[in-house]
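For reference, the chain that follows is the form predicted alone, supplied as structure tokens.
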Amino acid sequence: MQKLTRRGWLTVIVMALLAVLPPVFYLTGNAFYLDLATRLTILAIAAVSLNLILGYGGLISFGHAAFVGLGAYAVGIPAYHWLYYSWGDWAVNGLVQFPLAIIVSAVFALLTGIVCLRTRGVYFIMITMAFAQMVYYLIVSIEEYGGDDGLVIDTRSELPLINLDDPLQLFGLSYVSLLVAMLLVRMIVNSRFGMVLQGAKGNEERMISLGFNVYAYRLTAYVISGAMAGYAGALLGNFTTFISPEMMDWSRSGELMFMVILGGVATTLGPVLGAVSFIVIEEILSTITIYWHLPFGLMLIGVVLFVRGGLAGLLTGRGGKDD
């Protein structure tokens, strides 16, 4: 049996604390901390999905929040029609809504990825942001679903054996989903597919010369990443019970990118550490000043310049990728 590395032990400790502390706070009358943990857990899933293409694939996407927003609207729109247009109970069935969120986000990732992945560098960044803003303005223009004011989700997704109206059960589903997302990404990057993806990040020409269709590998990773982010969006819609185009604005994509970079790119735990740090720092600094983005930005710059491997590298005393 392979021994755990320092980074492996750190992952176990962090995930154990994340599993235990929020329910304890909730049961002792501090429900706020459970809500905070649920939010950061959901955002961590989106950050893990971004890390697949950013950390391991070298694809800097500034439109990742679009997938999260589409996933949230895949929950909100059927629930809206169920309430006001008497659609069947299937419209609020989580076994319909969650797969719908994944499929819609995956299809959008496929259609946009076909175009985006034919570009490189700053052009890829700009075109992913452009597609995300197109969706943003499309949703803003649809007054039926609240336009810029957003849409209230009156009924959460109904799942067998799980009541999402119960904060503990919603957190439990989000936490388990995060574990699955982390495991899935780790399995992908350690597979032959993942090796090709990482090899293309390091030297694309060499991978092409070896006979690999780098474009197809990257497109597949992009679709998987978008589908995972769509699932996170479905959870986020159920958590907030309110969705708006602001969820898919380019600045939200920037926040997801901050989480990945802050925690440590190309690491299993990095996106989780980044999400925890981002949410906690935001909560603390926002109580001090409305201009909390400035000190947070300076902290991020400091991490990028002086901490190799992000927080994951700092806490384990080493930088770079997973062992």
Partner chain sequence: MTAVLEISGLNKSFGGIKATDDLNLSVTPHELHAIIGPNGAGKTTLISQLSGTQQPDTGTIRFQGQDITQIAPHKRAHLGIARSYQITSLIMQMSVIDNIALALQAHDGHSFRFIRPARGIKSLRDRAMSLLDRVGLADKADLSTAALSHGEHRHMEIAIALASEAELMLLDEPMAGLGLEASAQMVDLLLGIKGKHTILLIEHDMDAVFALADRISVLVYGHIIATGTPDEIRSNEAVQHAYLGEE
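Numbering follows the first chain given and starts at 1. As the structure is a computational prediction, the values presented were derived from the model and not from experiment.
Just so you know, the form predicted together with its partner chain exists too; it's not on screen, but the next bit is about it.
In short, of 105-113, 162-170, 81-89, 192-200 it is 192-200 that has heavy atoms within 4.5 Å of its partner chain in the predicted bound form.
When its partner chain is considered in the predicted bound form, Leu95 lies well away from it, no heavy atom lying within 4.5 Å. Although the partner is absent here, Ser251 sits far enough away that none of its heavy atoms falls within 4.5 Å of its partner chain in the predicted bound form. Although the partner is absent from this view, Tyr145 stays clear of its partner chain in the predicted bound form, with no non-hydrogen atom inside 4.5 angstroms. Residue contact with its partner chain in the predicted bound form: Thr155 places no heavy atom within 4.5 Å of it. Each of Arg206, Leu210 and Ala216 places at least one heavy atom within 4.5 Å of its partner chain in the predicted bound form.
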